[in-house]
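Below, in structure tokens: the form predicted alone, a single chain.
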């Protein structure tokens, strides 16, 4: 019997018949809340992210404060919930005091991280007022490279102080009476990387983070702190995280992870197999968190902030620090792969920040006359509609493939969420097969499935298709409602090759 099944499987692969898959839904098997902060973003001072992207004083598309109106509208439609700033590598050489006060009196400084000159015309007040205009939570990352503990403490006082103290009064003098109330603070960026200004070993970084975090909390006990976790996975990243967690476990609320992927080999299925790395990093760090909390009666909860992630490999070496990646259709599918990973680990991943917001490795691309939306924009916006839902532990069976000597990987990469209030299940299905449509049986354990199914689908024959100015329509998703034949509280759906589909199923 096994030989017959093996032969049929081989015949399916050779002759292109649709293989069968199965997705089983049980709305009582939940993983955790899809936290709103999972749909964060990142605005670093590099290239044209800030100047020319977010902020363009005197520009034809800017308001009186210098913020680009078209970018602001695109960011709001993207559904960004929390915005990280000012870096990134940039922050490890940044003095936040250069970016406050009258703009014409602010010093211009060399930008040693990305090249060029930082004018400092966009600083703390401009960033925090931008977040207020957008309705997003601000996340400030301190300088843990060349900066000091005192710098970090004073920055919190400037932003959040409500007493008559020096830095709070200086904020008032600069035009802001009410404290900003910044709740999320990062304790530096990628300090494990030798490329970082002020690079430290794990012990030295952990000591700095612990003392800086204590000093910052003495100014505002309510803030949440993010330790700088692994970014350099070729080195002893496990040892780095272990040391940082052991030294700061009673202080921090998150530890960060960073991952960028690329398709240098021009191998579509290998490219989308990167989920094996991402999930490995998450599982290992979750285990390390559990290890440092073991035996404690009431340990401080610690979560993962995946606060830099994206596709980035083409625009790494141009030398001008702009990093202006032009994204294609297969990169848009990779957005689904990332979010499916995060959703499947919604119990531990409580924040994720796409890098970046505009122009530099970003879903929005501008020039002085307007903007266009890159293909990656649309999956990000659609997944964001599931914030606050409960992530589901689905049973998924699918044809598989292997990359190198790794375990088999399902062609159907699936996550699911449940909106309890509305009684709606979302199935997020990435078909990673370059050549096979895959028909899947979808079964629901409890409750009756409605036959009216909402479908959101990205499906494009040309994997390398891109957008540009005046031509950003061809890779937009198709949205439709279908009448599905529900049979035995289930239905069958055909997921096209190299496509991303989100099904909206109502459970009565």
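Positions refer to the first chain, counted from 1. Nothing here was measured: the structure is a model prediction, and the numbers come from that model.
Not pictured, yet referred to below: the form predicted together with ligand AHR.
With the partner omitted here, the residue from 186, 213, 336, 88 that has a non-hydrogen atom within 4.5 angstroms of ligand AHR in the predicted bound form is 88. Only one of the listed residues (233, 401, 260, 112) places a non-hydrogen atom within 4.5 angstroms of ligand AHR in the predicted bound form, and that residue is 260. Contact annotation: residue 355 falls within 4.5 Å of ligand AHR in the predicted bound form, judged by heavy atom distances. Contact check for residue 42: a non-hydrogen atom falls within 4.5 Å of ligand AHR in the predicted bound form.
The shortest heavy atom separation between residue 127 and ligand AHR in the predicted bound form exceeds 4.5 Å. Although the partner is absent here, residue 312 sits close enough that one of its heavy atoms falls within 4.5 Å of ligand AHR in the predicted bound form.
Stretch-level contact check against ligand AHR in the predicted bound form with heavy atoms at 4.5 Å: of 43-51, 467-475, 446-454, 66-74, the positive one is 43-51.
In the predicted bound form, every residue of the candidate spot (190, 308 and 323) has a heavy atom lying within 4.5 Å of ligand AHR.
Contacts between stretch 437-456 and ligand AHR, counted in the predicted bound form as any heavy atom lying within 4.5 Å, involve no residue at all.
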